[in-house]
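Just one chain is shown here, as structure tokens, and it is the form predicted alone.
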Amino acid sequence: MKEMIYQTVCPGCNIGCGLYIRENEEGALTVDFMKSSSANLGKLCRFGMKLPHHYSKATSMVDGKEADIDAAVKAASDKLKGTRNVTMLAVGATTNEEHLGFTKIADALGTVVNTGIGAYEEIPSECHPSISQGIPLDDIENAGRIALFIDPYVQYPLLVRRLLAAKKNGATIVSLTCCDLNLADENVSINPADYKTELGLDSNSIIITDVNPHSDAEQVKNLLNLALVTGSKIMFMKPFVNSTGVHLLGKSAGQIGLHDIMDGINDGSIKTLVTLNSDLLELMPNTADAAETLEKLDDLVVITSIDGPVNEMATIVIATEPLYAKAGSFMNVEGQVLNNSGESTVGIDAMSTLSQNLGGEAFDFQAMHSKMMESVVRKFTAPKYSELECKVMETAAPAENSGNLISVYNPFMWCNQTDDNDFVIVNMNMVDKLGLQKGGMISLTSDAGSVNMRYTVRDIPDGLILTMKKLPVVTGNTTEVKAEAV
């Protein structure tokens, strides 16, 4: 049986794990390992192993009816001509070249492309490269001390082997996450005001955290400050395959985050939304609330390679080729440019036509690729750590938890994949307090409804419940829930 083999990158996060996708004549997909990939050396996390379930192909639609891509582009052009109050969103789940093409459409509409991470709004622009550019992954293995503000097992699993290698080389690891981590030498809870004095960091240390659409800007500032005053290196992990690329290519001025976009739709200041591989029903904590908000739009134009849930709500869907088949490149968290072996330019060509129809310029893949090389590769030589250019910032206290159910965001949430780890995490004190039975369920009730979940026990602070799944009761990063035994 004839098959196509694509050399590509896992879309689960910004580590940039290389892999092969095999597609047979019937369209069935399988994943194969790429041992030559420097980011992951042939390893894949459980999300990467399930990638065939993620690549559901989109269908072009106009007003709920199937259409060919040319008709969808024309319909989008007609809708967008002369429109006001239009907002554009691309979180970084596609190639550099497509993102640049999307910015051409934004230019024609007199707006900017938002990447959805609101923390950038509140941090001086000179600090943005410090967030966007990471450190070589190999540097983790040579650090003397590592401060972890993420749970690598859940959020960025391919970091675990780097951390274990660091420990083997003599590093000590201190974890400041909700769950005690087995690989950590110390599991602590420290007030941000005491990070400098109590963490014992120096120029041979690395701070590992992440920045995502729901990150607290004050905590991002605190950790940048910590790196500045201790001389430590800092790495901001990111949740989308091309998060680094889109931030280095994007215009920081005028950008707003996901929550601001949803607020703008709710108050009527945003009437039209155009998205590129960015499904707000997946990205927002509560799918039902997000759907209610999106219903208020006059028009929702979706350009996507995936048959995501938001497609059913869209006025127009412009369906592009699967991510693995695209011609183009990505930039991973350490600053490596990673190239797809695919040759298809369906998405680029559709956006070029749309740009032209809106009075903007035409472009092709090669033009966008050359611009990417000039804008990013020649400007940001990588992988190499760049010294922080920002200054110590004034900070307020990070937002306090507004509930007891904490969502630990990970690729399964962003990409709407089924996750076998269908449980929440509690500690033994809660098991005793609620009278939970082995093999039983825990009922969680919030203002958004109720759900029964399996549970597992780990050493976490009293009163907290952790979820690695997107639950219908969740209303934000933290949610106030009533817990009972079932």
Partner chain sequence: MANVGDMVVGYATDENVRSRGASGGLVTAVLAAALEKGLVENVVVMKHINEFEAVPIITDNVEEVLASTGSLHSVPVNLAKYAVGRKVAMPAKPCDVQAVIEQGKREMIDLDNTYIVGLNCGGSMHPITTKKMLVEMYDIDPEDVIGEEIEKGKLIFKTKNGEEKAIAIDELEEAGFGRRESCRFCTLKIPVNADLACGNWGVIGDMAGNATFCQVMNEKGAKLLENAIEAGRIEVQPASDKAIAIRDKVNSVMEDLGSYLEKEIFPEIPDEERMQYYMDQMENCIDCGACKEVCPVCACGEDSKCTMFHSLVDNYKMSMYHLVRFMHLSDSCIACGQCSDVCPSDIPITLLQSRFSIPSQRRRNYQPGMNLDTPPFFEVMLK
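Quick caveat, the model's predicted, so the values are computed rather than measured. Numbering follows the first chain given and starts at 1.
Another form, the form predicted together with its partner chain, is not on view; read the next lines as being about it.
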Within 4.5 Å of its partner chain in the model of the complex, counting heavy atoms only, one of 78 to 86, 313 to 321, 237 to 245, 154 to 162 shows up; tell me which. 154 to 162
Candidate site 22, 37 and 457: all three near its partner chain in the model of the complex by heavy atom within 4.5 Å: yes
Contact assignment for its partner chain in the model of the complex, among 26, 420, 70, 66, heavy atom within 4.5 Å: 420
Please tell me which of 182, 402, 203, 197 lies within 4.5 Å of its partner chain in the model of the complex, judged by heavy atoms. 182
Given that the partner is absent here, does residue 33 sit within 4.5 Å of its partner chain in the model of the complex, heavy atoms only? yes
Taking any heavy atom pair closer than or equal to 4.5 Å as contact, tell me whether residue 45 reaches its partner chain in the model of the complex. yes
Using a 4.5 Å heavy atom cut-off, state whether residue 485 contacts its partner chain in the model of the complex. no
Does residue 41 reach its partner chain in the model of the complex, with heavy atoms at most 4.5 Å apart? yes
May I ask you to list the residues of 4 to 21 that have any heavy atom within 4.5 angstroms of its partner chain in the model of the complex, in sequence order? 5, 7, 20
